[in-house]
Every structure is written in structure tokens, then in C-alpha cells.
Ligand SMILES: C[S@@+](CC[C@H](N)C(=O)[O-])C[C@H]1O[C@@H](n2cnc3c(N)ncnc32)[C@H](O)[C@@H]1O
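Next comes just one chain, in C-alpha cells: the form predicted on its own.
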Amino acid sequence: MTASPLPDPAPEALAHSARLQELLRAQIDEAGGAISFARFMELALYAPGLGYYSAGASKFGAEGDFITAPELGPVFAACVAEAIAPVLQQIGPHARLLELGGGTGAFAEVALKRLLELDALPDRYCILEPSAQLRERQRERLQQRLVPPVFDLVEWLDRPFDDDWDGVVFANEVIDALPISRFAIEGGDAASDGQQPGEVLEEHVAVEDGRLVRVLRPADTFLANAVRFIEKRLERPLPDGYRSEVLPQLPYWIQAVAGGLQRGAMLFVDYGYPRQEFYLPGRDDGTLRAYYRHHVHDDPLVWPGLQDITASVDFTALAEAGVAAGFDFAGYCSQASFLMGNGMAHVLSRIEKIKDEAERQRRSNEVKRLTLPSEMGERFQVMGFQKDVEFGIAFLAGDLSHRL
């Protein structure tokens, strides 16, 4: 990723963003002059036909705004399939696999092929995808690259399952795109003997001189309580002027996506930190950032609808939410450790046997990007939950649960 200045959007892209800005201004007027940042982020990413993830612009790969692990090549999805295969086998022939956000379909393609090799195919492979354009892209790819009996297992959903079911929920880089609440601390004195907490304010988006701007308003009770819970767990108040993010709706989201999951597992891959690291004193403006054509920057209000907006995941909060939803905590480790513990040796042996030198180098570079600490290896982390099943060896390498 490179820093600003950002490349200029094409005229049609600017026109698209202008239509979304009209919607945002209407919502701001309706709300009395400001909407919460969480609401802004929800509209900027998911407004039907206009939001970043709902509209048709390319998002993944070299022509898009960022590259996710499955888009690099087959290694990531093959190793994830290796990890979830024992769970699917324990459940049996009625198991379902629910992927949240399918990207280009690259993960589903490789995962299904590897699960077929492992004799662990689910009865249904369901993709919960908000973008109609991405659905069609996924459908076209999978229909072309999977044998018909395997492709016939794939279906697309508008919402999580509403019946009782057994299987696996998988999400790669999904939680970081959930609309987050931004907060600020005003007043208080974290340095005093009394450790006085300051007032919790919430970041909103308003319009000033025709431009979208971020402003502070008093936080409601729901957000204020979420921040006070963080301070309680940190055993210290956050200092005056501190700004960051929190996802108070995470427990409800986990319960929603799991739905009636009676027996099975959930597996999440994302970038983030345990709570103590997420709210370090030096990280006093949070983790919010935006991605536009492989540029990362810190202004989420630029060109709504044309850029991704994201924040790191508080993995301690994710662990709490998963357990609160009735699951057993299965493990937490870096992406590098997870891949190494779930079939990476087999992948490396296959790479060594590739005769085409250019292809062998591509696969070697893919492994490096996925596992090196300077790339995705340590920045991305994996967390699993299980209910009446066992992941087996999936989290035996590099356990980080002591940091939670």
C-alpha cells in the first residue's frame, strides 16, 4: 500500500459518488444535522445500488482497491479447507458451510475442490453476499471451474439461515467492514490518583460549507456503556482526547450469522489486536482507515461509495461474543501459524514439484505474502469457535490465547 495523494476517479465514478452523497445529505438533514459515523459507514459501504460493497465497481485484485488472501492464489483456501474438513466429517452428510462475503469466488472454488479431495464436502455451500454484481461474478467463476455435482452444492443467500442447522461459518476480512462506532474521551484525568474517567462523545458526520465533516456529539447510553466496559477490562480510564472505535453490536451480529447453528464451528480471519493492544495509549486515534486503488489513507469521507472503509478487529471482544453466543473457544493464532498448522507442508511439497519455473515462483511468492511477518503473516489473525465438534489440530501451532 502507498500513501496519498490519491489517483483521481473517472467522471462516471465521481457521478456515482455524488449520488451517494445526495443520499447521505438527505439522511443528515432528516436526522437534524448529523448522523452517527456508524450510520455513515453503513450507507457508504452497503446502501443498495450505491454503497461500496453493493455497487458494481471492481474491489479485489490488481484492478481493484485491495487484495485479500484468497485472491493471491489457492494456498489460503486449501489450508482453511484442511482445518474445517474434520468438523464437516464429524457432522456428516447433512453439514452446511456458510461463507460470509464471497469476494470473486476464489475461496469457494479452491475450498470445494480441496474438500472434495478430503472427502469432506458439505451438503450445501452457501454464500451470503450483499452485492448482486459479485454474486454474478462468483456464479460465473464457480460454474466454469467446478464439476457440475460440486457446483450444484453452491447457493446464494440474502440472510443467514433461519432454521436449525449444523455446519461451519467462515468469514475472511468481514468483521473489519462492519459499521463501527467512533468515540472520543473529553475531560477526566487518567494520570491522577483518582483515575477520573472523562465524558464519552460519539463521532458523527455532518455537512459544513457543502462538505461532509466529522463532528462530536454526546454518546448515547449504549455506546457510553460499551466504552466504560472497555475501561473496566483495561483497568484504567482512557485519557482526555483519546479517540478510537468500538463495535458494540458484535455479540448480536455473531448471534445473527450463526442463527440456529446447533452443532458446528465458526472461523474468522481478519486483522486486528487483542483488547490491551487495540487500546494502547499511543494508538490514540484508533485504527480507522480507507482503501482506494491500493492506496491506504485516513480520510473515510473522501468519495463515498468509491473506497473501502475499515477498522481493525478487537479479538478479545470477538472471543467474548463467540462464547456469549453459546460456543466454546477453540483457538486464536496468527495467520502464519494457522496456515503452517493446517496443510502448509503439503502445499509447499506440491509447489516444489511444479515444473514451470514462473508458476513455481508465483506460488512461492504467494506463500511469502501469506506468512511473512512483514506481509500478512502476523498482521492477520485467526479465531475459531466450536459447539459439540472438535477442530482437532487446527490451532495447535502458535497459540496466542494468552494475549486475550
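Bear in mind that the values here come from a model prediction, so they are computed numbers and not experimental data. Residue positions are given as counts along the sequence shown, with the first one as 1.
Below, we refer to the form predicted in complex with the named molecule, which is not included among the displayed structures.
Looking at Ala224, Leu247, Leu121, Leu128, which is the one with a non-hydrogen atom within 4.5 Å of the named molecule in the predicted bound form?
None of the others qualify; the residue that does is Leu128.
Which one, Ala290, Val110, Leu306, Leu178, lies within 4.5 Å of the named molecule in the predicted bound form by heavy atoms?
Looking at Ala290, Val110, Leu306, Leu178 one by one, just Leu178 meets the 4.5 Å heavy-atom criterion.
Please determine whether Glu173 contacts the named molecule in the predicted bound form, using a 4.5 Å cut-off between heavy atoms.
Contact check for Glu173: yes, within 4.5 Å of the named molecule in the predicted bound form.
Wondering, does Trp156 line up within 4.5 Å of the named molecule in the predicted bound form on heavy atoms?
Output for Trp156 is no: heavy atoms all beyond 4.5 Å of the named molecule.
Contact with the named molecule in the predicted bound form for Gly102, defined as at least one heavy atom pair within 4.5 Å: yes or no?
It does: once the named molecule is placed as it appears in the predicted bound form, Gly102 has a heavy atom within 4.5 Å of it.
Within 4.5 Å, heavy atoms only: does Ser36 come near the named molecule in the predicted bound form?
No.
Which one of these stretches, 68-76, 298-306, 146-154, 318-326, sits within 4.5 Å of the named molecule in the predicted bound form when only heavy atoms are counted?
So the stretch in question is 68-76.
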